[in-house]
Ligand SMILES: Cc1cc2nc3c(=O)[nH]c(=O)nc-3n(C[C@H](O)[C@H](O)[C@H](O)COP(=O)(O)OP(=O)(O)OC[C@H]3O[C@@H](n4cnc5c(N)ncnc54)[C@H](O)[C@@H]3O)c2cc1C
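What follows is one chain in structure tokens, specifically the form predicted on its own.
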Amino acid sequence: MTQADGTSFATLAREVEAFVRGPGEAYATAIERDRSVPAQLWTDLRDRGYLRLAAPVDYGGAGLSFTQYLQLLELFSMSHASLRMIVHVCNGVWRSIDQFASDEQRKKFVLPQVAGDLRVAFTLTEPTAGTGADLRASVTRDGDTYLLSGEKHLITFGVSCDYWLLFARCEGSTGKDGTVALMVDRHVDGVRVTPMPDTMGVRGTDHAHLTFDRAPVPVANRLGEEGDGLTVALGGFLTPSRIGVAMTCVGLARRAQELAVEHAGNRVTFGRPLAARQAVAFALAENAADIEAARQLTLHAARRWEAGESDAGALSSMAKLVAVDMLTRVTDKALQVHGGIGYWEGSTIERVYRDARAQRFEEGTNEIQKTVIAREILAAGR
């Protein structure tokens, strides 16, 4: 993958920021009002090239380095959570498919996804299982076809996608052995797609509950071999995606801080602006330090992942853990600076506060991140 030179990247960053602060805010208003993402937003993001920023040039992408992309993702994350969700998922899911894709699969799935012509939903989470190797969805093989049975839920874009990048296991297998990664057609026979209820935040993004009953999936749609499923899921998507989610926390916290600083400068009580009061000024100072610390850890994790270092997985969990806790503190203080008026629906800080809660479980809860980190440091100790 190439890297944009400083001048062209700075121009792109200014363009993205202008979009976020202009059209992005108009889209945010429409999403909150209608509780759905307008089709025009997908088209707009695609036409501007924002859904292929992180993909290689020879795939039709912009060829940005991962760390450059993250700097833009920080900007996108200052906007509505559904907008940043589209950018984040579309700029990452191609990696998962690509790492084990055959030339034919690359032409069929990867290149159209990078171009924005194919919508792919990452489909791992299950209602009756935990994370990773604890998969219950299973397949049995019948000649050149897998028969898929089981349930998935909380699947982002699972209603509106064209394909599910779905993870299951060969019936009778345990652990990571026997896990498979499959590209499953959204309109396959033997599946029931149920839209999930509205969420507290990230309004407008659809989520699906999926029930499969011996749904036929061509073996040709398997990525890699039997047993490669978790490698596809964890290495190809989850590690960089956790780093990406950490940066979305930085971006949203930055927006909350901007709103708090603006309100503190404009709101006057007893003849003085809130910003003149030490308690408020100190809260804003703590926020600024918190945001920068999380940003730098996230960029460090990104550089280690780009370099292929063995500690990238643990660092991705560290970045996500630290950034999520930071976002919780920053948005809470930012809302407090606004006083009671910030609690009312329709204020931007109220939306930011609701949206922030979602990152607490995206790409694994804090408890999962601590498990990953502890496993790595204890293994190193031995």
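The structure presented is a predicted model; accordingly, all values stated were derived computationally and were not measured. One rule holds for the numbers: they count along the sequence shown, beginning at 1.
Not on display, but discussed next: the form predicted in complex with the named molecule.
Mapping the unseen interface onto this chain, F237 falls outside it, with no heavy atom inside 4.5 Å of the named molecule in the model of the complex. The closest heavy atom approach of A181 to the named molecule in the model of the complex falls outside 4.5 Å.
Mapping the unseen interface onto this chain, K108 falls outside it, with no heavy atom inside 4.5 Å of the named molecule in the model of the complex.
Although the partner is absent here, L259 is not a contact residue: none of its heavy atoms lies within 4.5 angstroms of the named molecule in the model of the complex. Only one of R119, R186, H207, R95 comes within 4.5 Å of the named molecule in the model of the complex through a heavy atom, and that residue is H207. Shown without its partner, this chain lists L124, L73, C90, L148 as candidates; in the model of the complex, only L124 has a non-hydrogen atom within 4.5 angstroms of the named molecule. The three marked residues, I155, F361 and E367, each reach the named molecule in the model of the complex, with a heavy atom inside 4.5 Å.
The stretch among 140-148, 279-287, 155-163, 306-314 whose residues place heavy atoms within 4.5 Å of the named molecule in the model of the complex is 155-163.
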